[in-house]
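Coming up is one lone chain in structure tokens, specifically the form predicted on its own.
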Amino acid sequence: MARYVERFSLAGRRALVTGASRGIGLEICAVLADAGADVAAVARDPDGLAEARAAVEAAGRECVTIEADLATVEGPRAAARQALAHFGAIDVLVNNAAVSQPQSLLETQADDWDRTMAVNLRAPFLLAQVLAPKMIERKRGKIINVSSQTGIVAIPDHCAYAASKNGLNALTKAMTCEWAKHDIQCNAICPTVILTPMGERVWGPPEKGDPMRAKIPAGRFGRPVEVADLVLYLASPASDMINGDTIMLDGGYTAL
């Protein structure tokens, strides 16, 4: 095996991926399995989880599917405990699940705000809180938080989403501050619009999507596999010196 392949290999690793039933999460499951990881796929949709299992098993890896509602307090904790019970330890936590309910500041309802914070920010905290002790004990771990460019620069009608993702970026740094000494790397990825079902729903109409696309120097929106490939890098030994970063995956949007 070429040495660079070893540096990007996840052979023998076990990953937990939230939001695994579709879009970016489904692609992350497939890419990590291709690199040799076994996967605990977490989501609410059983049909989508079956698709994630098929993708992981097609790569010759093991997949355990876990149905969980990450908007609750117990949902993330139970999912993490179930993954630990199955695999014994989780080497890579990918906090990918998110909800977005585009509304102006004046229209945003408190219940929508609370649900956005619960899924996008509280669930990653609760999952890490359960999984990190075993990482600390083993002196090894990777936590990858899928954030958003909206956590760095504001766009209209995304106040709750932006606040949750900005909080996730701060949580990433707090994790690094406390856990880097245990050889745990915690990083956040901040993508621009990615053409998932959620991305299509929000940005598919030309009157909404075209002005946004025009602000991206690359001239296009991202693809799920481009996020998954960056997750693979951050999950692999190749990225061991990268810690506490918020990495833009935005086609140059925030360079302007």
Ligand code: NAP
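This one's a predicted model, so the numbers in the text were calculated from it and none came from an experiment. All residue numbers refer to positions in the sequence shown, first residue = 1.
The next section is about a form of this same protein that is not shown, the form predicted in complex with the ligand.
With the partner removed from view, the residue among Val193, Ala55, Ala228, Cys63 that has a non-hydrogen atom within 4.5 Å of the ligand in the predicted complex turns out to be Val193. For the options Met135, Ala98, Ala128, Ala83, the residue carrying a heavy atom within 4.5 angstroms of the ligand in the predicted complex is Ala98. Residues placing heavy atoms within 4.5 Å of the ligand in the predicted complex fall in a single listed stretch, namely 68 to 76, out of 68 to 76, 171 to 179, 104 to 112, 136 to 144. The closest heavy atom approach of Ala59 to the ligand in the predicted complex falls outside 4.5 Å. Taking the partner from elsewhere, Pro197 is found to have a heavy atom lying within 4.5 Å of the ligand in the predicted complex. Residue contact check for Ser21: one or more of its heavy atoms lie within 4.5 Å of the ligand in the predicted complex. For Asp45, a non-hydrogen atom is located within 4.5 Å of the ligand in the predicted complex, even though that partner is not displayed. Residues Val146, Ser147, Ser148, Tyr161, Lys165 are the members of 139 to 167 with a non-hydrogen atom no more than 4.5 angstroms from the ligand in the predicted complex.
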